[in-house]
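Next up is one chain by itself, shown in structure tokens, the form predicted alone.
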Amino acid sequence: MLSLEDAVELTLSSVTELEPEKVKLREALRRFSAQTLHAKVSLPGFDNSAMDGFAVVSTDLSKASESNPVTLKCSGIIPAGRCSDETVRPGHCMRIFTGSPVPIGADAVVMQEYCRINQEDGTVSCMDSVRPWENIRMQGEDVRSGDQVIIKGQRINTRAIGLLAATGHYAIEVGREPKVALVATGSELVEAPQELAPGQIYDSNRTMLAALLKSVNGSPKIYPIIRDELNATCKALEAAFKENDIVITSGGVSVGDHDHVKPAIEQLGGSINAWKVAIKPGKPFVLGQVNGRTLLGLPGNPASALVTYQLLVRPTLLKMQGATDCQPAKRVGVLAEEFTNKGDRRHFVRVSIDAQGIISSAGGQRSHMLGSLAKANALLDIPPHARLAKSNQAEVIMFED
């Protein structure tokens, strides 16, 4: 059996980055930048006021106070989006608004709350002192033109979109969304809303995996359920390989007489590069290739399918898009109960971690159990033959829907 680390390395090495594509910035959320991007303009682009008030020469107000107001002559108004050619001379000021360019000669802005306007003679009584450059946003104090703002492989979040838009970007190159085939095998499987016959169950893995793929920009194509027949499996996989960048199967990867995924790969001229990973659940995981395309074969039990997706499939899909960080997010918390692993494989226990960081079991841990799976938001990695004591700190792997 492969260690999880070896299985991850093999799986990642089985795929290459897809050709990037250019998308409008407003469509780039959660995509991965295919290039390092630099600011086209500075932020701020010019010295501007941080608030509504009056642009002044700071020395004029060095001794101003509520009991000792200083009167200045207002020589104009500067709305946001417009510049003034006038120079603010000592003894004068200009009305200014948040975001308005600071006029020549002014080196501070006094807040309007500390000013009283005399409508009769156009003077302004200022009742507060200001320091040089107080209430002014300086050109380039946030970002300078030419600064690196996004690195290649970085995930584009809403904040990055705001930064890119503000620095002059309209469209960017991102990793292409992988086309992913979802194939489920099992003669017992039925798709809702079809009625169940005795011995049949509803397929859940394709629907669950399709939803997971959307969270990592995968473009899923769901294929009809395949009966446990070698010819049918070969035919479905042949089409899936031709039409997609990568193939994900669920079921049919164990050692039973009706498990045909591995024989089908070989019959299609492909190879089995890995089988069996030393984890629980998820031991019967298959890594195969046909004509340069990768197949990731997940176990049929839902919990096993989800765990192997989280640990092995998700990083692979991220690498295909050029992501620099392909590993799942982790969080540290405190165990609300004792956890033990008496087996010889690492056990990834479905747990729930709350807002306070308390880690609790999500319920039953058998690989077919969906009830506890739905309650879980993380996985707790317990080494073989290990005991994790109550109240100890532990790190969990977060599910990312």
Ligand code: AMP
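Numbers follow the displayed sequence, beginning with 1. These figures come from a predicted structure and were not determined experimentally.
Missing here is the form predicted together with this ligand; even so, the following discussion is about that form.
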If you check 128, 134, 188, 173 against this ligand in the predicted bound form, which one has a heavy atom within 4.5 Å? 188
In the predicted bound form, the residue from 288, 178, 281, 300 with a non-hydrogen atom within 4.5 Å of this ligand is 300
Please name which of the stretches 164-172, 238-246, 203-211, 316-324 has residues with heavy atoms lying within 4.5 Å of this ligand in the predicted bound form. 203-211
This ligand in the predicted bound form: within 4.5 Å of a heavy atom of each of 11, 14 and 17? no
Residue 252 within 4.5 Å of this ligand in the predicted bound form, heavy atoms: yes
Distance check, residue 259 to this ligand in the predicted bound form, heavy atom within 4.5 Å: yes
Determine whether any heavy atom of residue 184 comes within 4.5 Å of a heavy atom of this ligand in the predicted bound form, and answer yes or no. yes
Would you give me the residues of 367-385 that have any heavy atom within 4.5 Å of this ligand in the predicted bound form, in order from first to last? none
